[in-house]
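As a starting point, one isolated chain is supplied in structure tokens, in the form predicted on its own.
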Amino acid sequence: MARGDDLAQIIAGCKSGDAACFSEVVDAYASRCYGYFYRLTGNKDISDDLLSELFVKLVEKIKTYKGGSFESWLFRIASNIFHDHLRHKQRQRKLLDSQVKQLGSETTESRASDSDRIDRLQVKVARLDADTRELILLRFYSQLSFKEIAAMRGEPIGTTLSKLHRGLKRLREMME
């Protein structure tokens, strides 16, 4: 990944519409962002879609980047895309539930078809609430610092540390 002056030049190129610079950003961050989405969703196709949406948003919003940590800015967009996905999924679920009620059918919980392939830790992480899961993934998978996560979320660093600590404690209890 480009750092410092190289990254600043690449971002400047992106802001001017240079396709090669956008390609460098995609090459540098695609795997980390994909991993972030995959660990949140547990679904390859959804992760691919969210990653595509992220880079479309990057093209649309690169001119709003004002400096600071580019990774924090990029993962903030990724986080917003994931939360939009959750809201959309919730709306779809409500619509489906209302349609099922109209038909007089009973609903059954769907099971993930690939749950056999997900390791024990991934299953436990997936059972955490969305906010806690996101914090853990931003810190340990996306390798953002506590300071970057706190800034991204617009909360004091102590709040972020406390939430992460409680989330890790809960995860440890679930693993026992």
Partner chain sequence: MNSEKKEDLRELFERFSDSETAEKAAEEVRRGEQVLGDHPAPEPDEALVAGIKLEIGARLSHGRRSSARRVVWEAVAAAAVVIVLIAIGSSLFRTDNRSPGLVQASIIPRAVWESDDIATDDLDLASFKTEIEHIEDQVRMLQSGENGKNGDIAVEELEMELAEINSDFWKG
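Keep in mind the model is a prediction, meaning the values are calculated, not measured. Residue numbers count along the first chain shown, from 1. Just so we're on the same page, rigid core means the largest C-alpha set that superposes within 1.5 Å between forms.
What follows is about the form predicted in complex with its partner chain, which we do not show.
- Not displayed here, its partner chain is kept clear of residue 127 by more than 4.5 Å at the level of heavy atoms in the model of the complex.
- At a distance threshold of 4.5 angstroms between non-hydrogen atoms, residue 9 is out of contact with its partner chain in the model of the complex.
- Interface membership of residue 52, defined by any non-hydrogen atom within 4.5 Å of its partner chain in the model of the complex, is confirmed.
- Under a 4.5 angstroms non-hydrogen atom cutoff, its partner chain in the model of the complex has residue 48 among its neighbouring residues.
- By the 4.5 Å heavy atom rule, the three marked residues 5, 77 and 153 all fail to count as contacting its partner chain in the model of the complex.
- Residues of 138-176 lying near its partner chain in the model of the complex, listed in sequence order, are 139, 140, 141, 143, 144, 145, 146, 147, 157, 158, 161, 164, 165, 168, 169, 171, 172, 175, 176, the criterion being any heavy atom within 4.5 Å.
- Annotation: Cα of residue 143 displaced by at least 2 Å between the shown form and the other one, core superposition.
- After superposing the rigid core, the C-alpha of residue 168 moves by 2 Å or more between the shown form and the other one.
- Once you line up the core between the shown form and the other one, the Cα of residue 155 ends up 2 Å or more from where it was.
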